[in-house]
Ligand code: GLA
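One chain is shown next in structure tokens, namely the form predicted on its own.
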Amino acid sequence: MSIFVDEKKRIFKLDSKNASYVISVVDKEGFVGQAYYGAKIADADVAYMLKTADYPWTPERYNRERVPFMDYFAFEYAGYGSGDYRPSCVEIRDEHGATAVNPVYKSFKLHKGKPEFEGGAAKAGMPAVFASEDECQTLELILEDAAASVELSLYYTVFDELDAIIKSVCIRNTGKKDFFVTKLMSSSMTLENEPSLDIISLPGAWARERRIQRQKAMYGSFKAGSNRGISSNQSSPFMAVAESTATQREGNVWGFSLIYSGNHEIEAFLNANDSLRVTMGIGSDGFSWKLSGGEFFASPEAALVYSGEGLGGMSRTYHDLYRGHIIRSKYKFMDRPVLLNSWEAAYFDFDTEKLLGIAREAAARKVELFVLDDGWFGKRNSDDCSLGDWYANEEKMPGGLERLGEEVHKLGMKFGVWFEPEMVNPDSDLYRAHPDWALHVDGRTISESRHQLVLDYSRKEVRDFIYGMISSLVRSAGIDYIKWDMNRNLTEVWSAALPADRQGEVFHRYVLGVYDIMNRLVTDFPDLLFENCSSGGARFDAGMLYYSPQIWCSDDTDAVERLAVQEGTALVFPLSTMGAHVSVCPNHVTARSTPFETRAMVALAGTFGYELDMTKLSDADKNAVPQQIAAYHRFGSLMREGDYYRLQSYRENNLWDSWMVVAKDKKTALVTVVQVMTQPSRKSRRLRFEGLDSEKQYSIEVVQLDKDTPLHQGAEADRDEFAGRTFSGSTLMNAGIMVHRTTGDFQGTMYCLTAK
């Protein structure tokens, strides 16, 4: 049993495979404290960790000094306005404008598996972790503030074989008068800054998404989040706290990942007593939700992970969790088709014959999916118009998508299409017919971005109209794949369909609307391969993975820039979720030139594809394409299901980058090394592998992605050294290998390890 309850002592102990989480209720008022979260322990009664002995005047004994206690106690779920001046978890505003709320223990329930609670994320239309009854158990802690007519259900799902806890919260109005929820966090956690702790976050920007930032926890508040209406490329909904000595391989790490795609906030607050409180949930900036008597509101789910094996252990747990329990697509463990996307091949300058010319060349090179990107609909010859008019531009494409899809299918390829369904151009038939369907504030100029406005997805009639057009095209054109894009942030967030006292709900209702239409799409078309995109990776979050097994990682396809983007993404998300393509050089974003083979090696760490006009490649590169595709299929199952290890980080050392993926049975592994910057007077570099079976013997193959081109100098030396030899897993992990230096920058080498 993963959850132990001592009803008399009011202790709740949650055990996963290697971790324990202990909650203890103290004082006659029922203050709920978070006593412990870390490596697995045998004892449940560790209430002394709450340090109540430091304050003998607890309210039960000495109410005169209630405030110092409230500001010191490690609350499991902190209220607001009653003496705790750290970041709160729940805030309300009643009819009188009063805001104080102080939830205390009421009762508990135990549940088999992970039910879909009435007040849970799934029933509320949000993504939710799923699991069978024999994989997990769920605790429901019920807290209340009777004076405020507030009842809270805190849900904790604990996995037996994964060191993950899924948390969410439901707030209910148990009274007869309305109040407004103005803050509701999905999770709160208290950690002691002994030894000192670091905070790890994933900030970024367009084309520089999810760059790992690590800094010492300082007194006061570190806050990350988004108020843009999407999870954003500026701030991924993730944070980790690590011991300052923790590395990729060892040390204690706690991860916090929000399964949500809209506004979010994550705050780490270190107080003068060296206690670090980490809260995570929906962004409270501009948020309010009206609850009448008997109504409830559910928070998104948060996934907490503990690792005693450093950052790498945390990453592997998140990968297993999200692969097995958030991605629903039939494709999550399937061999996915290699695609060619038309965007960087043609932009808006194309007609049917040009597209078919590119598709024919791609098919001849064993590409399996042709994707038509922007420019095919309405009067779309630039990004100035026609978003919302989802019917084919017959001037550019006689016969529309139906003809193009038919011709692509005749080539033996699948057919994919790009949509941007959340947006509308002012110059569009849709906007001229329904200007009130865009988010706007009456009497105020609407802020355009990319000549786009945002459709009000909080309104069902808007969603139904858009879905009707898309679903009709999927059927008529035989579309096998959809790339769903979203290229701007939300502004003037006001809905013509809601009263004034509910305008604080629009951000969240918008996200629920996006989830609704995506869920309808994948339900009605279960064979559709669905890829999310948001101006690159601006909405790369666990919520989106509930609907699509892959997300376009970044608009920056430069192989060197992608090293940092993909490293940050893989800190939380499985490699199989990262859309990664080979593009032309000089690269369209950075103007950098890298070898064709290196570009393929970097893209092979994700869902592989091409972003170029294959008719314009050199003969040598054209001949390499089928070999790259064969390598993707050879190692595809390893990338989808294997364990990821980060060996070197170019972001940290400014010289080279390396990662490896090891099969669950430890019989095979694939190692990638990219020498980004060469150094003079250096012969070789030591590289130690991870995750192998120390008792097994492994052969090492230097993988060639282009057998018609000689290996570069370093890879050739590696091949000669490893030929005919085997090495024990213990040798490869402890002594490692020496990677030979090669002349020139941006050179990559791949090694396949096979157990004998």
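Numbers for residues come from their place in the sequence shown, where the first is 1. Since this is a predicted model, take the numbers as computed values, not measurements.
Only in words, not in the display: the form predicted in complex with ligand GLA, which the text now covers.
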Review point. With the partner left out of view, is residue 535 within 4.5 angstroms of ligand GLA in the predicted bound form by any non-hydrogen atom?
Key: yes
Check your understanding: Would residue 301 count as touching ligand GLA in the predicted bound form under a 4.5 Å heavy atom rule?
Key -> no
Check your understanding: So in the predicted bound form, does residue 552 come within 4.5 Å of ligand GLA, heavy atom to heavy atom?
Key -> yes
Review point. Is the gap between residue 657 and ligand GLA in the predicted bound form 4.5 Å or less for some heavy atom pair?
Key: no
Review point. Of these, 495, 393, 487, 271, which has a heavy atom no more than 4.5 Å from ligand GLA in the predicted bound form?
Key: 487
Check your understanding: Looking at 567, 91, 374, 407, which has any heavy atom no more than 4.5 Å from ligand GLA in the predicted bound form?
Key -> 374
Exercise for review: Heavy atoms, 4.5 Å, ligand GLA in the predicted bound form: which of 627 to 635, 173 to 181, 514 to 522, 552 to 560 makes the cut? Say which one.
Suggested key: 552 to 560
Point to revise | All of 343, 450 and 483 with a heavy atom within 4.5 Å of ligand GLA in the predicted bound form | key: yes
